[in-house]
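In the block that follows, a single chain appears as structure tokens, in the form predicted on its own.
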Amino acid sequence: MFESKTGIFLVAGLGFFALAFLVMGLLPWLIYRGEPILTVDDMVQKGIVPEFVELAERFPKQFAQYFGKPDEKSFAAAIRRGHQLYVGEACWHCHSQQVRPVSNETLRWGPVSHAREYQNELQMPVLFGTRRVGPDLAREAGRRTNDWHIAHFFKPRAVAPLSVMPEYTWFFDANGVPNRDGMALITYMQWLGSWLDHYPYYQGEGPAGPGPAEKVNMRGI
């Protein structure tokens, strides 16, 4: 059997499967098994993203009703709720959170994703995505303004004419102001990747991206 083409392909297939399991499963586990899993509370101690504060300033009445004041506790609550919505609305079907080493992805979204980016509670299970209809969101934080995200969720083709994304009008009150879920999801978008010590890509700075000091200065924190 093993001398036939079928046998050769079978052995090769099993060999490649074993190699993939070793490189993509067992090896990362062995390397990072001693690393702590960061909680949301751990990550918010690095600071509140300014876009969350901007939501409080822009919509003070609604923000106070939904979250109180923009502190670490409300920021953590908004991130957790935003993550629930991101998963529940199946956003990960069309938006991955993993930059892959193919198709010039590093020119569009920065360096290839690495394991330590997923060492936190909101990446379990990891949201690598099943396909990429929209852009990768692994490091979305601060790349676009709150106004852009508000317009994009309410009427996607107003800011991206070729978008196939549905309109998420239920994230808004009758007067067009984002409601609790809308603000939470926008906060989650503005948080993705911001916890990294070295944020690899920020507002068109290129694949290398700024270091932590530059990130702080650019974000006004």
Partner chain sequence: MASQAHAVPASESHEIRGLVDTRIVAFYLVTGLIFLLISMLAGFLFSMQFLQHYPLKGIALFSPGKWRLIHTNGVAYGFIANIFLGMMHWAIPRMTLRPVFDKRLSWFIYVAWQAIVLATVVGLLAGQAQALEWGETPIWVDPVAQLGLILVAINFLPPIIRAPGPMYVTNWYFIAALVWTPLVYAMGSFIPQYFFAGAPAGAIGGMFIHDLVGLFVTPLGWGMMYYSVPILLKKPVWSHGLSLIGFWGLAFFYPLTGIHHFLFSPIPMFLQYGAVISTIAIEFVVTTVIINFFMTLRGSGDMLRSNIPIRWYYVGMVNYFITCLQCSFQTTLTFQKIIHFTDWVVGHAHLVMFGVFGFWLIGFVVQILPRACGKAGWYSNSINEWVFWLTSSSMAVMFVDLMIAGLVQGYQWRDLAPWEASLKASTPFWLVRTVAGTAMIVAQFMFAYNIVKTLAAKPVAAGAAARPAAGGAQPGLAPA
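Residue numbers count along the first chain shown, from 1. The term rigid core refers to the maximal set of C-alpha atoms that superpose within 1.5 Å between the two forms. No experiment lies behind these values; they were computed from the predicted model shown.
Form predicted together with the partner chain: not shown, discussed below.
Judged against the partner chain in the model of the complex with a 4.5 angstroms heavy atom cut-off, the residues G7, L27 and L162 are in contact without exception. Not displayed here, the partner chain is approached by R157 to within 4.5 Å at the level of heavy atoms in the model of the complex. Within 4.5 Å of any heavy atom of the partner chain in the model of the complex lies no heavy atom of V177.
E167 belongs to the set of residues with a heavy atom inside 4.5 Å of the partner chain in the model of the complex. Residue contact check for C94: one or more of its heavy atoms lie within 4.5 Å of the partner chain in the model of the complex. Heavy atoms closer than or equal to 4.5 Å to the partner chain in the model of the complex belong, across 93 to 113, to the residues H93, C94, S96, Q98, R100, P101, V102, S103, N104, L107, R108, W109, S113, ordered by sequence position.
Relative to the superposed core, V102 undergoes a C-alpha shift of no less than 2 Å between this form and the one not shown. With the core held fixed between this form and the one not shown, V177 has its Cα displaced by under 2 Å. Once you line up the core between this form and the one not shown, the Cα of A158 stays within less than 2 Å of where it was.
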